[in-house]
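Heads up, the chain below is alone and in the form predicted on its own; it's given as structure tokens.
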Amino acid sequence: MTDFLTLPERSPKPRTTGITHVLDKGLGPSQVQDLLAVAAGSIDIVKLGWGTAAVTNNLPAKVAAYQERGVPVCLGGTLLEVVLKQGKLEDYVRWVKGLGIDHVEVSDGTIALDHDEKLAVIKRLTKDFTVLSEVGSKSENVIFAPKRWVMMIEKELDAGAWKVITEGRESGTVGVYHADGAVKEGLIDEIRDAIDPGQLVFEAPGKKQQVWFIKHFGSDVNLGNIAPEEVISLETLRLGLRGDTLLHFH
């Protein structure tokens, strides 16, 4: 429709870079259909946030609606943390496979989990799923040194994680962000110096955060925890079709 414009290059779907990872907090059937009608081409994966999948009515139909439009579904890492606390990993595996879901998230943002145990969980789940692991705490009082971030990311990639998500929460005020939502630029620089950014998904729920990552990493940076109503907005930021990035790209 806009072939007459010269826009930044975007990798075609199915993408391995330039991923838009969307957070579904409980959308209903009509909301899912409306989202897909206007934005399916811009969504690469949808996460059913934290433990919402466990209390969603008609979950198989919801999963199928996304998958029919070429959008994989991933379950939130917090649900897996509950599973691990209760020692129900194999029950979880059977349940997820029964839903036809082939992406899962492994996190320890809330529970205390030895890192070697987390790596073992990642290795186990890679036998059946594409695994996204998450590094960083959901508590603003827990701060990791940059070297520890790098070490954990490298080990989780080595264990088989497809991508590693850097924690930011829905609030965008923890993990790779200061309490006011500003990016911890020094931390990101140290991570980028050690690890290919294409192997990471940066949680970036806020527009200012999305703009920062796009300006520093380009249109094809992987961004996560994107609200459904912000998917089209984010795509315009990636292409310089919004004032925040227009002059950066054009």
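Nothing here was measured: the structure is a model prediction, and the numbers come from that model. Each residue number is its position in the shown sequence, starting from 1.
Beyond the structure shown, there is the form predicted together with another copy of the chain, which is absent from this document and is the topic of what follows.
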item: Location of another copy of the chain contact in the predicted complex, chosen stretch of 160-168, 146-154, 107-115, 129-137 [non-hydrogen atom, 4.5 Å]; value: 107-115
item: Heavy atom of residue 229 within 4.5 Å of another copy of the chain in the predicted complex; value: yes
item: Another copy of the chain contact at residue 11 in the predicted complex, heavy atom, 4.5 Å; value: no
item: Distance check, residue 79 to another copy of the chain in the predicted complex, heavy atom within 4.5 Å; value: yes
item: Distance check, residue 56 to another copy of the chain in the predicted complex, heavy atom within 4.5 Å; value: yes
item: Sole residue of 97, 123, 178, 88 within 4.5 Å of another copy of the chain in the predicted complex, by heavy atom; value: 88
item: Residues in 218-250 close to another copy of the chain in the predicted complex, defined by a heavy atom within 4.5 Å, in order; value: 229, 230, 232, 233, 235, 236, 239, 240, 241, 242, 243, 244, 246, 247, 250
